[in-house]
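Only one chain comes next, encoded as structure tokens, the form predicted alone.
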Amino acid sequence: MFQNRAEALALALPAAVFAAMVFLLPVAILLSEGFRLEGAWTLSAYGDFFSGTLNRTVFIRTFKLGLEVTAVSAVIGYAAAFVIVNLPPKGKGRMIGLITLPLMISPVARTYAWIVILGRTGIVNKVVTGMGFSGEPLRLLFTETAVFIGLLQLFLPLMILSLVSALENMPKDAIPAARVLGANWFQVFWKVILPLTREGLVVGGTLVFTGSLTAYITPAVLGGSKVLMLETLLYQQVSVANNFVSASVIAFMLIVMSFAANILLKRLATARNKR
């Protein structure tokens, strides 16, 4: 397509410069705030951040919920994807359409729908009190459970779509061959399906985990100030406390955790494949 490499690089240079100016440079400036104090380069801002009990609690909660949402998404995603790939073409297309449909709806609308479901006068509490399981409405909103449910519903389609694609690319005779050789269903999954679909799991796990870490609307609406996450704490530090140093620390941690999750998933998948 191009006569030489220099010509290709010259054509890509304007786009690279534009991306660096509007994305990389602002991010670099923001992140550098966490390493500078009174003109000197230091890590004291990170020590100050983790010295606070609230900050440590928020960090652990964010990391824990990210892992939980990713793990549950993987379990549900494999089950749903396995059913979908074995449907007739027409049924498969309809199921993919239903899974894709929530992605076309604003996360704000999808999150506020859970207020109707989990509120004191919501559907769940009406069923619970109506059937006599509780004498008064349960406190479901502004809990870690509510945030977990909201994040799971928000990002589960991404995991399912990633695993559907991976399962469709898997050899059709792999599972029947393993069954004929005497493998039970657990062995089939662990030794056949999981290694052959590891790329889909890496992609889906990265999307779900990083999405759970960085989502703002869902934790803010369903968790409020009682269930702070790193992203809601970041908003408070910028908008309320005007503390850009602490905000820079949080932003840096979110970026590092996102990249670390992707690298770890890739290495686990590679190690599993070598074994």
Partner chain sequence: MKTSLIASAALLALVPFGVMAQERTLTVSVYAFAQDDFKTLVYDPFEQQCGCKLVVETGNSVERLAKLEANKTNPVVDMAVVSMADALSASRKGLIDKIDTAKLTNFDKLYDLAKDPNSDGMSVGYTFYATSIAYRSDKMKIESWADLLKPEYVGHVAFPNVTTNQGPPALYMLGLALGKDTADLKGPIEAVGEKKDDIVTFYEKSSQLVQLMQQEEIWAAPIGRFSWAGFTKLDVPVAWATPKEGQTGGMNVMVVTKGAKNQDLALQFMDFWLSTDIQTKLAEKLIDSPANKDVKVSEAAANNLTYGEDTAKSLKLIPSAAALDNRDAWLKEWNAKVGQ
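Residue numbers count along the first chain shown, from 1. Given the structure is predicted, the values throughout are model-derived calculations rather than measurements.
Unshown form predicted together with its partner chain; subsequent notes refer to it.
A.B. asks: Check, residue by residue, if V83, L101 and K191 all come within 4.5 Å of its partner chain in the predicted bound form, counting heavy atoms only.
C.D. replies: Verified in the predicted bound form; spot residues all out of contact, no.
A.B. asks: Is it the case that R110, even though its partner is missing from this view, gets within 4.5 Å of its partner chain in the predicted bound form, heavy atoms only?
C.D. replies: No, no contact at 4.5 Å.
A.B. asks: Although its partner chain is absent from this view, report whether F50 comes within 4.5 Å of it in the predicted bound form, heavy atoms only.
C.D. replies: Contact with its partner chain, no.
A.B. asks: Does any heavy atom of L43 come within 4.5 Å of a heavy atom of its partner chain in the predicted bound form?
C.D. replies: No, L43 sits far enough from its partner chain in the predicted bound form that none of its heavy atoms falls within 4.5 Å.
A.B. asks: Verify the contact flag for G119: yes if a non-hydrogen atom of it lies within 4.5 Å of a non-hydrogen atom of its partner chain in the predicted bound form, no if not.
C.D. replies: Result yes; G119 sits at the interface with its partner chain in the predicted bound form.
A.B. asks: 191-199, 140-148, 87-95, 127-135: which one contacts its partner chain in the predicted bound form at 4.5 Å, heavy atom to heavy atom?
C.D. replies: One stretch meets the cut-off, namely 140-148.
A.B. asks: State the residue from M170, A177, I115, A71 whose non-hydrogen atoms include one within 4.5 Å of its partner chain in the predicted bound form.
C.D. replies: The residue from M170, A177, I115, A71 that makes the contact is I115.
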